[in-house]
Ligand code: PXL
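Just the one chain here, the form predicted on its own, laid out as C-alpha cells.
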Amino acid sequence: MRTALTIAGADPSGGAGIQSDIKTFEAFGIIGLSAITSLTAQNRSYVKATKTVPSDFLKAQVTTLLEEFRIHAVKIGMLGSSANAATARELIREYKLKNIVLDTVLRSTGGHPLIDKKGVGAIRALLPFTTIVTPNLPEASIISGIEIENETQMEAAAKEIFSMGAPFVLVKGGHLAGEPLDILFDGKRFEYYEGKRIRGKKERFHGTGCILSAAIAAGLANRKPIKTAILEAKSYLNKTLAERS
C-alpha cells in the first residue's frame, strides 16, 4: 500500500490540518501518516491559540515513522516555527524524501500568525527541497515580495518563487474578484486552471488549501504526473466543497 506523510498542525474541528489531510489521503486510497508541528485551539471560524511542537520532537515523530514505513509523498502545511521548517528541510535531505508538496501556511484567514517572524525566510530556504509549492495570493505576495492584484502579477510572483528553487509553483487565485484562476509555472510555461466561484459562509471554505495540497500529495504518492495530480486534486476539492453546507 502507498503512503503519504502530513507534517502539519492539528485542527480540533477536523476541517483543516492533519485531520483533514489524513481524510484526503484515505479518499485516494493512501495510508495517511502524520507528524504534528503545532497544537491549535480553533474551530471552522477562527484560530484562538497555538502551541508549537519543539523541532526535536517533530524530528522524533518523523524518524520513528521511517523506521517502519516507506513514505511515498509528503505534504507540509503549518510549521509553526522557523526551527520546524529547518527540521523539515533537514529530514527531506537526510532521508531523501520525494514528492514534497509545500502548502505555505503563514497565517489563518482571520489573520492569526501560524509561524514565527523568521518563518518566511525559513520557508524560502525550504523551497529547493520541494516538488511543488501551493501558495494562495497573500502567501505568494509575502514570499515573492510582489503585490498581487491581477493575473500578470500572479505570473510574476510564480516566476519569482520558482527562482527561489521550487520546481513547480501553483499560485491559487481565489482571493481575486471574479471566477477563480490558479496558475502553474514549471520554469518554462504557464498553465491556467479556471474554476467556478462557489458561494457560502466562510466556514464552508475552511481548510481548502490543506485539502488541495494533500490531494496533490496523494496523487504523487499514487505515481501520477504532477499535472494529473493537480487536476484530480482540484476535482476532489470541488466535490468536497459541493458536499459542504
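These numbers come from a predicted model, not from an experiment. Numbers follow the displayed sequence, beginning with 1.
Keep in mind the form predicted in complex with the named molecule is missing from the figure; the text below concerns it.
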(request) May I ask you to choose, among I183, I31, L66, V47, the residue with a heavy atom within 4.5 Å of the named molecule in the predicted complex? (result) V47
(request) Identify which of V120, L114, A86, M164 has a heavy atom within 4.5 Å of the named molecule in the predicted complex; exactly one of them does. (result) L114
(message) in the predicted complex, is there a heavy atom of the named molecule that lies within 4.5 Å of any heavy atom of L220, even though the partner is absent here?
(response) no
(request) Verify the contact flag for Q153: yes if a non-hydrogen atom of it lies within 4.5 Å of a non-hydrogen atom of the named molecule in the predicted complex, no if not. (result) no
(message) Using a 4.5 angstroms cut-off on non-hydrogen atoms, would L91 count as touching the named molecule in the predicted complex?
(response) no
(request) Answer with yes or no whether I216 is in contact with the named molecule in the predicted complex, where contact means some heavy atom within 4.5 Å. (result) no
(message) Tell me which stretch of 102-110, 123-131, 142-150, 155-163 has a heavy atom within 4.5 angstroms of the named molecule in the predicted complex.
(response) 102-110
(message) Within 4.5 Å of the named molecule in the predicted complex, counting any non-hydrogen atom, which residues from 39-54 show up?
(response) T40, Q42, V47
